[in-house]
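Given next, in structure tokens, is a single chain: the form predicted on its own.
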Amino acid sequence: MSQDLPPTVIAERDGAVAVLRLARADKKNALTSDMYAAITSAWSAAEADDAVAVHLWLGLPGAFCAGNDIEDFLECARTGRLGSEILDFLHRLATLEKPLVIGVDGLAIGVGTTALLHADLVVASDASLFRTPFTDLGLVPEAASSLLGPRRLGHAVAFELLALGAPFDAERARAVGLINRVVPAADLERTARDTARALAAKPRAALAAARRLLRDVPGAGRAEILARIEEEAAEFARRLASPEAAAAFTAFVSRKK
């Protein structure tokens, strides 16, 4: 797959599987605007490629995705809105037609966790940690997680994850239904690739029909998900401009120095 992508986002093919890997090791795969745009572009290219049957999203050993880059968040706070790259990414994530498999090792923070609610299968290593510190930063959940989280996990568990910001280890994430399977870290990528290949070997039309029937349910179909993404984004932008968020970001940056 020849695409003009930044070095922090790598797209390759594994047979009928389109593999996307985050590769910003120094920042634990925190996402920048350029990375959001690159992921969206890679997914769109794979969606348009008839030779691709399944998407696979991977990170690096010890870091799947540390959420949004804090410098980008500060820029969003200054402008009072989410960047178009973030919204384009969220819309693309929510409208993928082909199955999405995600392999998680290590940190899955913020959107690194909420994105999992859009996946069809998630394999995680036993060293993985899932956390969404939105309210700690004076913000609100995103990626339609306020809709998909309660539907998948139930209100109590979704509130614990998305509002309290409690960390979930891999076994807790599996027990509540956030992920499918836990494996040793050394086996994570192989297992995720095997899972994606197994899906890609299925009859395409039957797999697409099964996925559509499973996903397009009342209250959480595509239209509802896209509408919730927009509702969350509007509230997220308001929260970004709030004194609470300003204080939280100032404290966060101070701790990093």
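Residue indices: 1-based, along the sequence shown. Worth saying up front: this structure is predicted, and the values here are computed from it rather than measured.
The form predicted in complex with coenzyme A exists for this protein as well; it is not shown, and the discussion that follows is about that form.
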query: Heavy atom of A30 within 4.5 Å of coenzyme A in the predicted complex; finding: yes
query: Residue contact check: D50 to coenzyme A in the predicted complex, 4.5 Å heavy atom; finding: no
query: Partner contact for L137 in the predicted complex: coenzyme A, 4.5 angstroms, heavy atom; finding: yes
query: Non-hydrogen atom contact I70 with coenzyme A in the predicted complex at 4.5 angstroms; finding: yes
query: I109, L147, A119, I86 - the one with a heavy atom within 4.5 Å of coenzyme A in the predicted complex; finding: I109
query: Three-residue site D26, P133 and F252 fully in contact with coenzyme A in the predicted complex at 4.5 Å by heavy atom; finding: yes
query: Contact stretch among 212 to 220, 199 to 207, 60 to 68, 227 to 235 - heavy atom within 4.5 Å of coenzyme A in the predicted complex; finding: 60 to 68
